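You are given structure tokens for the same protein chain in two forms, set apart as structure 1 and structure 2.
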Structure 1
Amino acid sequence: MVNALAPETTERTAGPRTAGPADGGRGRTRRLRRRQAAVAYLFLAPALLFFAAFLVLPLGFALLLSTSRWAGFDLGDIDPVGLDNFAGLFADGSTFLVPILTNTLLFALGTVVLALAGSVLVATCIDKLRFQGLWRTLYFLPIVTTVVAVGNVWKYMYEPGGLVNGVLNACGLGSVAFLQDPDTALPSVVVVQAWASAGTAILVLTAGLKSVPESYYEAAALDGAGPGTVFWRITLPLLRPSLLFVCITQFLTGLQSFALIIVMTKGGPGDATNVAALEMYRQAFSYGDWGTASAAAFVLFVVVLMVTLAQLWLFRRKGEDA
């Protein structure tokens, strides 16, 4: 017997859900977004085609050549050899690892150290002078000068009867065979590269100095901090983003340097100034070994990537510890 006092239960049946105005609005929004995306890709199409034609396709072709043997000109002569080209670069008796890749790293490291130290010093001095635009322009002139002109001028300055040896002789020192001695050839070219590339670093660092709040210097002066303390405790830490940019760009430029070396020394004497980019050029255009040249290019790419990631990690870690 059913208890009359028990609540009566009723079941509600849900009918089919009808599309409301909100659903129609969402559908129109999705269609509008699809049309906007299609128009955006249409406008991006020329840039994407340029990117594909001049970066993606050459990169793929270089990857193919790095695993092949090819003398150039006839694509039908491409002969796959697997990883033999990479193995040859690091085989016993190969000069790619030592001295070529070693010279490349030393050249890039020396360029970064000299250019960065000189740029920080010059930028700090310019920040305290009048006519700052004039000084920045003067220091930027080597950037707009062709590498061939810069290399030839410095080449003649390094000659036994050139300006540099003339200054040394006037100081009572003997002449130095800067570009003819294997021990001094690479450092001599590093000095020229650092001098020629310092203009961009100076512009970046002077802009970074302008972003440092003046109130920090005023507070330091009230606390009695000296110029050295202000530089190491305030200026240098706040320049870290600019220094990171300069370090990465200078190192990348040094690792890929080619024109200055071929103008001044052509890789000599011997292999004293031979670097990876010059060796790639020689393998491809002088010896007709495009496979080895492409393999060397990918090895250099890996080195550049590892160095860049290491620099980013180091500066970010210092930023977290500061």
Structure 2
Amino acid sequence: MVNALAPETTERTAGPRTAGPADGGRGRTRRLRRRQAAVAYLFLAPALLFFAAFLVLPLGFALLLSTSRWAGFDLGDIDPVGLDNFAGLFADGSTFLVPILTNTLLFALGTVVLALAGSVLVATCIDKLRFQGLWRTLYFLPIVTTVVAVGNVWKYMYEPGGLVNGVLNACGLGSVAFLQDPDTALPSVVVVQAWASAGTAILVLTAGLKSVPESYYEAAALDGAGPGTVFWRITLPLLRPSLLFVCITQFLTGLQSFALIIVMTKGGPGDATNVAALEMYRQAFSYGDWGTASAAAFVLFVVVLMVTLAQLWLFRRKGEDA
């Protein structure tokens, strides 16, 4: 900023003696600035045009659809119905609140709890081991793998002749119909989602642990603190920012996920593993009910938005504390 102003100020001090160059200099600066603005908008044009066509327009369209009834053929036939679609979602006998929205929250919550417990354990243990690169690579495999691979491998492992039941049988236990039994289907999918997302959590937590000063541990050792005390009194409190971050971002991801469920159970049996985003998808692309689908999308969006705002609020407050 200072740089760009520099030529102008030097020429202004020289101004009184020779008026001509000062005027020309100011004009040139203005011309340069105008050219820079034109170039800037040229550089931004692809992104801004994209946002207009594929962000603003779609949002408006989705809002219109959520308050309309439409067969999906002629744009002239969109029939406004006000908030009927939203009312329909929460009407008696609708499955949207229970079990679909409850499943969504259970799915997200279960994933966070499982992934966090596992990753805290692994991250605190991995911190001072050798071959950290190797461990990190191994734990990272699920993250760079397509959801179709993750879903199919686990679906196959849950089969009667699959690995999980093979292990159960080897331990003398009976087989479990993990994905076919409405009682076990949702927890079974939650385990897979947690398994797939633990790698990210481990990574972020390991990075957080690196910033804990070694001297804290040495002081604790001098005071004769046991491993439990060190973990609860030093590691966990100092890890709090990373934990909070992982918690909320994974909860947000969990609320929106449905690709894994499409691959593994398609929402079944019944609605046992159906979640809001999947319901939206099915209402739209299986039943052609664009209105109900868009309304469901906006309800889920409100939930996601509230969590996002809570996250921003938490982190801003933390920033003020520091």
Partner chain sequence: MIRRRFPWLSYLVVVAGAVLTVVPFLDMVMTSFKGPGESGTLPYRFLPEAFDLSNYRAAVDQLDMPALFRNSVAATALITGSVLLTSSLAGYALAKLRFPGRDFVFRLVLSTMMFPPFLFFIPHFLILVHWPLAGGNDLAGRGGAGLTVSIVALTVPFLVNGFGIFLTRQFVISIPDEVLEAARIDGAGEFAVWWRIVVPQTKPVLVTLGLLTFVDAWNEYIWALLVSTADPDVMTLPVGIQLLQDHVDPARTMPVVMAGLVLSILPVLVLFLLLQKYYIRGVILSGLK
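For residue numbers, the reference is structure 1: its sequence is counted from 1. In this text, the rigid core denotes the largest set of C-alpha atoms whose superposition between the two forms falls within 1.5 Å. Keep in mind the model is a prediction, meaning the values are calculated, not measured.
As summarised for this chain, the second structure is the form predicted together with its partner chain, and the first is not. After superposition on the rigid core, the Cα atom of Q256 is displaced by less than 2 Å between structures 1 and 2. Once you line up the core between structures 1 and 2, the Cα of Y281 stays within less than 2 Å of where it was. For V307, the Cα coordinates differ by 2 angstroms or more between structures 1 and 2 after the core has been superposed.
With both forms fitted on their core, the C-alpha atom of R35 sits 9.0 Å from where it sits in the other form; this compares the forms between structures 1 and 2.
Aligning the rigid core between structures 1 and 2 leaves the CA of L48 offset by 3.5 Å.
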